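Here you get one chain, nothing else, as structure tokens; it is the form predicted alone.
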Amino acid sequence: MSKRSGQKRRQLRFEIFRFNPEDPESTPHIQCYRLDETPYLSLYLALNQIREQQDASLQFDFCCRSAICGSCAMMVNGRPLLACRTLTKDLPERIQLHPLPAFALIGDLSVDTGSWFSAMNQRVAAWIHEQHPFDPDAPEEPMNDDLAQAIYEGDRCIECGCCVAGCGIANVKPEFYGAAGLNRIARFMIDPRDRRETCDWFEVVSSEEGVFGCVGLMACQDICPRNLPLLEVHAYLRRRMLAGRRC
């Protein structure tokens, strides 16, 4: 019995996707586990209890426990969420867990987001293209506070992959940059230290792989655990590309 509510604690039923692609004898299946719910129980803590007490072979990723690393993202009852910040009290007794789609499966709930983001960053050249050779003795150039804040907003992405997993286009078109890629482009596009102009970005962004490949459902913004203003990012990129359509 719960001391605070006087109600009987729930017994949770976890239905977890299991498959090890490196094991030729493994086949995709759902395995069920039961766990008594405790106050402030997160999916991260629940999965660790299952692995420590019931099944040591269960694969899932975690690192920071603070919604900073993004490694514990998974599909929770069909919705991409971070396990470390999702409390079981906000979920029904039956909890279905699957790996994020659109990424290569490592095993069970673990996927390879790192390779996807590395390839995306290479495709969009996600680094500052300097206007002048670096001079370590040059004085620091001041930046407008509002502009610095806008750049910081773009850098708050933790590359968890939730926006990619929740995007219908990214799931059927692997070449689509997704909200994470478009956010990365916008971050460098507004940076005054980057020498690239709108015309330089035009071929990268104004295609089916870029912002015009988005159909505008904006599930990415609805599920972003960092609450990034992805709708504003998409609108900004569309305006810039329309302005540079004669490049």
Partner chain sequence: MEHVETTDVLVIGGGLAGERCAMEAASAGQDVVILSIVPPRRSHSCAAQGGMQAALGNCLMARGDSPDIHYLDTVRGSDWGVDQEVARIFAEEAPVAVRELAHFGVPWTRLRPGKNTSFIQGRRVELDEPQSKAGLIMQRDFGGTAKWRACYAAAGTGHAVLYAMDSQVIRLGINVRDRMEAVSLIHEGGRCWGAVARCLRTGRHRAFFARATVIATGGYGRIYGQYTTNATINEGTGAAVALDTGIVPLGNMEAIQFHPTGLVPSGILVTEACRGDGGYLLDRKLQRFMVAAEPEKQELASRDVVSRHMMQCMKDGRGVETPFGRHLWLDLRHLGERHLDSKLREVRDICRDFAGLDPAKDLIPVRPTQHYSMGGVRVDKDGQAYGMAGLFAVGEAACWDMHGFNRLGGNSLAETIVAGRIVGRSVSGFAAGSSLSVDTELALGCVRDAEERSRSWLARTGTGPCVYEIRDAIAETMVNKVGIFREGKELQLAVAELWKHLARIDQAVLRSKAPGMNPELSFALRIKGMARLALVTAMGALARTESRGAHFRVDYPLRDDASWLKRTLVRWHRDAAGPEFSYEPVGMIDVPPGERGYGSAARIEMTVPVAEYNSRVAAEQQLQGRHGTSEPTGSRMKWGAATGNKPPHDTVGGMDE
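Numbering follows the first chain given and starts at 1. Nothing here was measured: the structure is a model prediction, and the numbers come from that model.
There is another form of this protein, the form predicted together with its partner chain, and it is not shown here; the text below is about that form.
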| property | result |
| --- | --- |
| Residue 210: touches its partner chain in the predicted bound form, heavy atom cutoff 4.5 angstroms | no |
| Non-hydrogen atom contact residue 84 with its partner chain in the predicted bound form at 4.5 angstroms | yes |
| Its partner chain contact at residue 96 in the predicted bound form, heavy atom, 4.5 Å | no |
| Interface membership of residue 78, its partner chain in the predicted bound form, 4.5 Å heavy atom rule | no |
| Sole residue of 32, 217, 64, 199 within 4.5 Å of its partner chain in the predicted bound form, by heavy atom | 64 |
| Complete contact of 47, 88 and 171 with its partner chain in the predicted bound form (any heavy atom, 4.5 Å) | no |
| Neighbours of its partner chain in the predicted bound form among 169-196 [non-hydrogen atom within 4.5 angstroms] | 184, 187, 191, 193 |
